[in-house]
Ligand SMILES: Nc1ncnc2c1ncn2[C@@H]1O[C@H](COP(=O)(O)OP(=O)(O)O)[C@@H](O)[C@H]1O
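Here's a solo chain for you in structure tokens, the form predicted on its own.
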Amino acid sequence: MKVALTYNLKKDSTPVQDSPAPPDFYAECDDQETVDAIRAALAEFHTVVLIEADEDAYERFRSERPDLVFNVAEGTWGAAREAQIPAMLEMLRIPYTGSDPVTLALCLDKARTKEVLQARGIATPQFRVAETADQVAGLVAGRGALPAPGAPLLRFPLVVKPLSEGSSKGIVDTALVRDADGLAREVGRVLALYREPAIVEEYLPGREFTVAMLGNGDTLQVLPVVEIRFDSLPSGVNPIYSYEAKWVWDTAEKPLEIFDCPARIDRELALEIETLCRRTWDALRIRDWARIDVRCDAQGRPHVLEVNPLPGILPQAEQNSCFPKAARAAGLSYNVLVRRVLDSAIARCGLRAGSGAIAPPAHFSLR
């Protein structure tokens, strides 16, 4: 089978057209080592062509006409950037791994994701969105203007994040705030640096987990749960999985002992987390793979923090990438993990994995 691998490479400097851009602009993109590792895994059984997800990608897809696309492209521009490559592929009727453009666009918008979860009765922290600095006073109980009808008044402590970013972009150590001054500071930072709204959500003080999921329908597998242990972070920092915790303090050269996998949890909590994640998967119509971040409240009840339908898969164990870590705990090597994602899409799209793929059915983009 001819498989195209599409991706966005990290760049050395932020783009001129977005100047001044945040220093973490390319955090979601993959490095060359990761691209090479995914390619090598696919090439064990397939012919692989590399197509970077840039402005020439559409014509490359038209000329190459791959049987299937292995998509890890995060996109660069726009609030729905993760949906751009899948939308192109649906126009060209080329099947691909992972979720469709609707799900990808929805999950990148943290507020829209949480609205869907709330509508389905799935636990997620209370939140509000601030589009301007003037709206900060109306977010918190006992402060300033009344909220819009039906909107919750939030209670400190709170976590402030950019609305449409992943890979902990913009979630710095100071994003956990405990007073009105801190809230105004962090909302102002997000608005100025990322030029997008800030989502403000109530901080949950319990344990935090991340859950990798793989497959579709009856084959959907919940891999061993990963717990994030904040006691391993430098002294005095906030207990959140911040940008610094993910990319600055935890490095391949000096990895932190920040994860327990499998998590040390009792059977009851494990079942609650799995049920919560399966319900989230169904509510958002996720396909093939995803990673879901979960945190417990003061009573130990799990809530969904964020949903990642394009999870990162750094290849080396010392890089502390959570999805491959969970896969290894389940007995899956990196190469087998990559091929399992591909095989899930092959089965979903009605293709043959061997030489000479059949044409996808007319409904290949549906579940």
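From 1 onward, residues are counted along the sequence shown. These numbers come from a predicted model, not from an experiment.
We do not show the form predicted together with this ligand, though everything after this point is about it.
Checklist entry - So which of 263, 159, 105, 187 gets a non-hydrogen atom within 4.5 Å of this ligand in the model of the complex? => result Of 263, 159, 105, 187, the residue with a heavy atom within 4.5 Å of this ligand in the model of the complex is 159.
Item to check | Contact assignment for this ligand in the model of the complex, among 240, 136, 83, 222, heavy atom within 4.5 Å | outcome: Partner contact (heavy atom, 4.5 Å) among the options: 240.
Item to check | Heavy atom of each of 110, 246 and 305 within 4.5 Å of this ligand in the model of the complex | outcome: Per the other structure, all of 110, 246 and 305 touch this ligand.
Checklist entry - Counting only heavy atoms and a 4.5 Å cutoff, which of 290-298, 97-105, 67-75, 252-260 contacts this ligand in the model of the complex? => result In the other structure, the partner sits against 290-298.
Next on the checklist: Taking this ligand as it sits in the model of the complex, is residue 169 near enough to touch it, meaning that at least one heavy atom pair lies within 4.5 angstroms?
Outcome noted: So residue 169 counts as contacting this ligand.
Checklist entry - Looking at the partner-bound form in the model of the complex, is residue 182 within 4.5 Å of this ligand by any heavy atom? => result Close contact is absent here: in the model of the complex, residue 182 is far from this ligand, nothing within 4.5 Å, heavy atoms only.
Checklist entry - Does this ligand come within 4.5 Å of any heavy atom of residue 274 in the model of the complex? => result The answer is no: residue 274 has no heavy atom within 4.5 Å of this ligand.
Checklist entry - Taking heavy atoms only, is residue 202 within 4.5 angstroms of this ligand in the model of the complex? => result Contact check for residue 202: yes, within 4.5 Å of this ligand in the model of the complex.
Checklist entry - Hey, which residues along 72-98 are within 4.5 angstroms of this ligand in the model of the complex, non-hydrogen atoms only? => result If the 4.5 Å heavy-atom criterion is applied to this ligand in the model of the complex, 72-98 yields nothing.
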